[in-house]
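In the form predicted on its own, a lone chain appears below as structure tokens.
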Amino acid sequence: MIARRPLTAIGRRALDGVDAALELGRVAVGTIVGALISYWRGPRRRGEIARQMYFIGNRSLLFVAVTLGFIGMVMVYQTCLLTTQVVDGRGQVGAQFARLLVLDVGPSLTAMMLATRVGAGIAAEIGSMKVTEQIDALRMSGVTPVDYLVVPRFLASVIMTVVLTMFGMAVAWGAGGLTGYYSFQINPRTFFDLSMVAPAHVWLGMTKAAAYGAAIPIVAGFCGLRAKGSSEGVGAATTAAVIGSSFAVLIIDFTISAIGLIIWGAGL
């Protein structure tokens, strides 16, 4: 009897995990279908999308700029230190940094920042509606919660994540160029070199940004819709949204990078 209890607990956790995965899949499918079919109809819905774009985009500008700017400075400074210890390779720092920034660092770090701020905000807002039974009121009114709450945030997040990624990359590139010039006397014409950035790098980077922007509201909305209890349930849903969104960013980054490596090979 005692030996069966651990097995029962493991089985219960496994079933809970399967149930959560199925529910996440339903939220994802409902969100994508709602975005593709019905959500651009009506000025009220377009106004909600614009409001969410402001919440996700404008209010994240400073956050993304400061984070990407400092990371750009640190990366360039450390790279220049390493390249000057044996052979002076400062002339290649700017081109390689631009390639890495476009291909992976810019989209991924921007998405990680948005996962903490935007993901937490979406989960807290929807979770508060869930524990105060506003979600049930929507269902009783014939409104699908995913279509009403998650879809506008999904569309706004996809658009603004791409925009913020480009903005963050520009800030990081500029901050890195200033660091290279004032700390290691790298000529700006040499640093701001895009010769190593190929169209495939831009395509992969923007694909990652769009995929991150799609994943964050889906995961956060799923966590908010599963909130239970009172304020403690909202806090737990917010924490789960941050962790889940960050983990989704890492998985998507690896998956898209692997696909790109398969398609373009070592030339990537």
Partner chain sequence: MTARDGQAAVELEGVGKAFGGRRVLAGVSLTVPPGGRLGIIGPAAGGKSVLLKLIAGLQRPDAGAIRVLGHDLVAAREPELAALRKRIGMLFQNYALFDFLSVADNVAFPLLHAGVAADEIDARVAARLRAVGLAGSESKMPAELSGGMKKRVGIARATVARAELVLYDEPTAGLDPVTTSKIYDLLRADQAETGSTAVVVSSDVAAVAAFADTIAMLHDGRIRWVGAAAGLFDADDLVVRSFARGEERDGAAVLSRSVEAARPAPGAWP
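Positions refer to the first chain, counted from 1. Note that this is a predicted model, so its numbers are computed, not measured.
One more form of this protein exists, namely the form predicted together with its partner chain; it is left out here, but the text below deals with it.
- Interface residue among M166, V197, I159, L138, judged by heavy atoms within 4.5 Å of its partner chain in the predicted complex: L138.
- Contact between N187 and its partner chain in the predicted complex is not found at the 4.5 Å heavy atom cutoff.
- Remark: Y181 does not count among the residues lining its partner chain in the predicted complex, judged by a heavy atom distance of 4.5 Å or less.
- Within this chain, F192 is remote from the site of its partner chain in the predicted complex, having no heavy atom within 4.5 Å.
- A residue is said to contact a partner when one of its heavy atoms sits within 4.5 Å of a partner heavy atom; M129 meets this definition for its partner chain in the predicted complex.
- Along 140-158, a non-hydrogen atom within 4.5 Å of its partner chain in the predicted complex is carried by M140, S141, G142, V143, Y148, in order along the sequence.
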